[in-house]
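Below you will find one chain, with nothing else, as structure tokens; this is the form predicted on its own, and questions on how it binds or moves follow later.
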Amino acid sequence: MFTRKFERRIYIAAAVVVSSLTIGVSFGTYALWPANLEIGYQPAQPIEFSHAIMAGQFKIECIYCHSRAEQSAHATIPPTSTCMKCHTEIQTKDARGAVKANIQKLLKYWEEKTPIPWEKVYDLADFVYFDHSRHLTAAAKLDCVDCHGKVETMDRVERVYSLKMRWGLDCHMEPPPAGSPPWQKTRAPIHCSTCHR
């Protein structure tokens, strides 16, 4: 009834639709899988970095590495050059006297001038606006542990809070801090445009 050329185009179109659906559903399932969104998410990192040693044992402040958190919307993951401020001199060695594997990986990234491909533990949806600097100001009086948990006790960072809308609203709806203007009924604004712009 149809020409061979037309039938071939139908088969190709059907194959494209089926392939697109398969890839789309697979990606959607991965992106929305609870382990990738929920509390306890703990991705493997390219270099095993212990916050328990750096922030806990050595008491290095969060702001030393995540230097943009107080001035910009993003805390930023530190560049390799931040690590190398110390690790050009400090290179821990194992029992045989060889530089430990994680330091070797760091040095390799440094020598190759390539950024370390860290996996994000906390990542908000693209339709959510969040400004780190605004939450760390004297007015908000939040500390890193309020959202990220006691990172200084973690060998491998994990998500402590879901950062979902209800969690953020609960924080914003707390009573205002002492000394707030009488018209302020909540800790922070709760209208949609506060976080969705």
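This is a predicted model, so every value here is computed, not measured. Each residue number is its position in the shown sequence, starting from 1.
Not on display, but discussed next: the form predicted in complex with a small molecule.
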| query | finding |
| --- | --- |
| 4.5 Å heavy atom contact with the small molecule in the predicted complex for all of Lys5, Val16 and Thr114 | no |
| 4.5 angstroms heavy atom contact with the small molecule in the predicted complex for Thr92 | yes |
| Val160, heavy atom within 4.5 angstroms of the small molecule in the predicted complex | no |
| His191: touches the small molecule in the predicted complex, heavy atom cutoff 4.5 angstroms | yes |
| Touches the small molecule in the predicted complex: Arg197 (any heavy atom, 4.5 Å) | no |
